[in-house]
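Before any questions on binding or motion, here is one chain by itself as structure tokens, the form predicted on its own.
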């Protein structure tokens, strides 16, 4: 599979560019220019929850641990190690997901944590990262005060919440998981919550229409995702119903928490092919691969697996590094995939699992180095001296994204946006 994946990655993710370089209107003939990549078009993402304290100047005090065992109001990590993590994060990723879980974002009605999240989103944007908000509508980690409202009042509050967040963050967050896990939403029975109530009354598709319409109205140019963990035919049926109803979806989110073991290339590609047939971009929105003991295969709801200690192991770290390389190569080999988000930079995040790229002590694992080697070495064009021909032309092959060409103190940027042959005129 690896050689096939590499060939497909070159086919779908690279351009063979011919630059015609001019200076002061004349071809720059027989001169050396330096071409260098500045960014990837593909979105290599990770959660950015850990950096809420850093972006808001809160590193002097670590966040309190809540009753659910999660640090801070938004699930951010211990602030004491965040500065060390920031350099590792920014050296690998270009796409951040920030937490908008309603129950933590607005635990008291009318007092949303807008300022802190906006500052965090700006922190990422200033460092060249695209930012996504997750999620706008979800039955889990929902605001408890919703249960005191009638169903019409819950609908009004939910739509108002969507309009407020999408409007308040427009320009800094223009990508949203609009509704999360709608497949299970009307049959969810673990505890009472406002979203399950209205989903049962209205039905999945009418609810999807309402929340997408509200988000679209608030920011017509936003990228809006339908996101789910259910990779069964039930999700396909929901997608088909939504599209048949004329609801515009900008991308499909597929979750891939592999706590019970790596899916493997064959399964991953089969899932991608099933959902690619709708003609929508695909985001792998929540990926985890463990570097410790795997969760038993008989666990149906991953939340049911609770252990007091779940360490990373040397053997597990080598396995994780191998699987990370295989997984990312598989995703990039499929033309429908536009983004992937890893669910947690550091061990001990969701469910306490050793799923991060970084150990609990802050040191990077082999999986971090393996993925960085792909993203920043194998899939990257470093500053490369090239000589122009008599017509000022120079050629190279590079991954889609932004580049710069420079010579004699002048620098111009350009983009490679489509795979295959490309001709680019560069005026220095």
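Positions refer to the first chain, counted from 1. No experiment lies behind these values; they were computed from the predicted model shown.
Same protein, other form: the form predicted in complex with a further copy of the same chain, not shown, and the subject of what follows.
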message: I have 325, 366 and 378 flagged as a candidate spot, so tell me whether each of them has a non-hydrogen atom within 4.5 Å of a further copy of the same chain in the predicted complex.
response: no
task: Decide whether residue 338 counts as a contact residue for a further copy of the same chain in the predicted complex under a heavy atom distance cut-off of 4.5 Å.
output: no
- prompt: With a 4.5 Å heavy atom cut-off, would you call residue 109 a contact of a further copy of the same chain in the predicted complex?
  reply: no
message: Even though the partner isn't displayed, in the predicted complex is residue 348 close enough to a further copy of the same chain, meaning a heavy atom within 4.5 Å?
response: no
- prompt: Heavy atoms within 4.5 Å of a further copy of the same chain in the predicted complex: does residue 244 have any?
  reply: yes
- prompt: 99 to 107, 328 to 336, 180 to 188, 312 to 320: which one contacts a further copy of the same chain in the predicted complex at 4.5 Å, heavy atom to heavy atom?
  reply: 180 to 188
- prompt: Pick from 294, 237, 170, 125: which residue has any heavy atom within 4.5 angstroms of a further copy of the same chain in the predicted complex?
  reply: 237
statement: Among 115, 164, 274, 84, just one has a heavy atom within 4.5 Å of a further copy of the same chain in the predicted complex, namely 274
message: Where, within 197 to 236, is there a heavy atom within 4.5 Å of a further copy of the same chain in the predicted complex? Residue list please.
response: 199, 200, 203, 204, 205, 206, 209, 233, 234, 236
